[in-house]
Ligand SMILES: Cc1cc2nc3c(=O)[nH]c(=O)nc-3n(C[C@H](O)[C@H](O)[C@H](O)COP(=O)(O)OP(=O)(O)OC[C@H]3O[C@@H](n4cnc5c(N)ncnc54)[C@H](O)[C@@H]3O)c2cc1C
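In structure tokens, one chain follows: the form predicted alone.
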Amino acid sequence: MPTEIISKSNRGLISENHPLAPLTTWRIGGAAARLAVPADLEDVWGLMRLALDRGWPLFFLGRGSNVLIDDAGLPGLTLHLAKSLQGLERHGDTLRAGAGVSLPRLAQAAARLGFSGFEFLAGIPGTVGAAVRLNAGAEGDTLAGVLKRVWVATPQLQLLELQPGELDLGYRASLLLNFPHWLVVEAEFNLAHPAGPEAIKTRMAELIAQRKTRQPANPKSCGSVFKNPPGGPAAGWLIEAAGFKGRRLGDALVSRKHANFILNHGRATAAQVKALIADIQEKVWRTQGVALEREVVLLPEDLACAV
């Protein structure tokens, strides 16, 4: 049964018309009508209650990867969690992390403790909260392999504790994607594979180096734009085969190194990126019969919690 939370007054400051582009890895997007940085979980409850009482749409933003914010910005209230919910503690054979903890920090903490299984997270620029929502993965591993349980706050001010078996975790998917206004606030991970810290760190460095050889050096991207279709060629291969490698629309550029990356090559707009995404989907469907599904979250259209 969910735990009922009695909301208290928000202690954080809310800024109006706050630019969001600098808070995203794409450096694209308009302003938030209102933006707040919660001090802690109690503050989260206060802000969620405020949004509920005022009838404001509520958005969550972590480190701003895997998200494209509209040029018109976001209405309502946006909670910026990249510097919030930063708790990270060991509890016996588990590691408990707040939703705002970065994935590289989580991987480094496990390495210092001498447990493997988290190395693949070292080069992913998202937060724990968003990673749980998307079942983030790389190098053939996903968060599902180490996740023990997760706590989620709902707009009805309930705190839900969910086990991996209840989350329907799949490739870049989970039950949480069906509930875009639920906020992951904390997650617990299994420490089950002891290993030497130096060996773990060496493996992490190797994975980061390999990723750099495959992915574009331009940091102004969202990561992979599309999910890889099940049982078929990778999205990057399909996009390249459709003739889009190096294709440019304004300052939105399909990477010449990896076609599943769209780069902000200057002052790209969300409209340009969306048009390029739509063109890619149309051409790949028309020429190869594959419906590419976006991995990147569009806000406010998708009304989903972002990386």
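For clarity, every value in this text was computed on a predicted model and none was experimentally measured. Counting begins at 1, following the sequence as shown.
Quick note: we don't show the form predicted together with the ligand, though the next part is all about it.
Of the residues given (Ala131, Val146, Leu106, Ala235), Ala131 alone sits with a heavy atom within 4.5 Å of the ligand in the predicted complex. Of the listed positions (Leu253, Ile28, Ile280, Leu61), a single one reaches within 4.5 angstroms of the ligand by any non-hydrogen atom in the predicted complex, namely Leu61.
Heavy atoms within 4.5 Å of the ligand in the predicted complex map, among the stretches 135-143, 189-197, 156-164, 89-97, onto 135-143 alone.
Contact check for Val67: a non-hydrogen atom falls within 4.5 Å of the ligand in the predicted complex. In the predicted complex, none of the heavy atoms of Val284 sits within 4.5 Å of a heavy atom of the ligand.
The ligand is not drawn, but in the predicted complex it has no heavy atom within 4.5 Å of Ala122. Contact between Trp182 and the ligand in the predicted complex is found at the 4.5 Å heavy atom cutoff.
In the predicted complex, no residue of the candidate spot (Ala32, Asn260 and Lys274) has a heavy atom lying within 4.5 Å of the ligand. Counting a residue when any of its non-hydrogen atoms is within 4.5 Å of the ligand in the predicted complex, the hits in 205-230 run Arg211, Gln215, Ser221, Cys222, Gly223.
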